[in-house]
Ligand SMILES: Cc1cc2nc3c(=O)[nH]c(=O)nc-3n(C[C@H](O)[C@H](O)[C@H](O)COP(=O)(O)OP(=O)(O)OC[C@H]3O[C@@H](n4cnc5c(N)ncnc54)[C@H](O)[C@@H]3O)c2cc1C
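Given next, in structure tokens, is a single chain: the form predicted on its own.
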């Protein structure tokens, strides 16, 4: 397969989250007119993650509240989207990225905006049904459908901001929630013990 030839101005953004979409938006706002392509592993347009553990999870916000920009913005601003695609390799000498479908994409400049992934616990039973991590829109949809019926015993592992928000949402739906964390006072490492006690 012949590789594309990129000009010095072609920009590829590896990562379809807030950082990647905001970078594309800023490029256009600052007058950059060259080709911009966002590669995102999820099949959703780039979206905001904070509502996923708050308003969206509680059913107080619809999905149209989470996109970084309206879906039509990308076509209107000539920003290419490669959704459902993962970058599997970078070849700096050739100035190309390799994608999981076997294709390559040339770039003049490459921005890595891949975000983070949840840490998993490799413990017996961690792969059973009902055990999951939380990061994506699909995770929030799945968790909301499980929690909304209420009356379940729910264990949350992680007493940071997201863990606390998920625990509060689960309790709001009428579930019995146990939150496990390494700290004696949740969030103490981030905001100190006094504020940690307040949020607890």
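Positions refer to the first chain, counted from 1. On a predicted model such as this, the values are computed, not experimentally measured, just so you know.
There is another form of this protein, the form predicted together with the named molecule, and it is not shown here; the text below is about that form.
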**Study point:** Among 170-178, 29-37, 147-155, 53-61, the region lying within 4.5 Å of the named molecule in the model of the complex by heavy atom distance
**Key:** 53-61
Review point. Heavy atom to heavy atom, is residue 80 within 4.5 Å of the named molecule in the model of the complex?
Key: no
Practice item. Using the partner position in the model of the complex, report whether residue 114 sits within 4.5 Å of the named molecule, counting heavy atoms only. Key: yes
Check your understanding: Taking the shortest heavy atom distance, is residue 142 within 4.5 Å of the named molecule in the model of the complex?
Key -> no
Review point. Does residue 106 make contact with the named molecule in the model of the complex, using a 4.5 Å heavy atom cut-off?
Key: no
Review point. In the model of the complex, which residues of 12-36 put a heavy atom within 4.5 Å of the named molecule?
Key: 15, 16, 17, 18, 19, 20
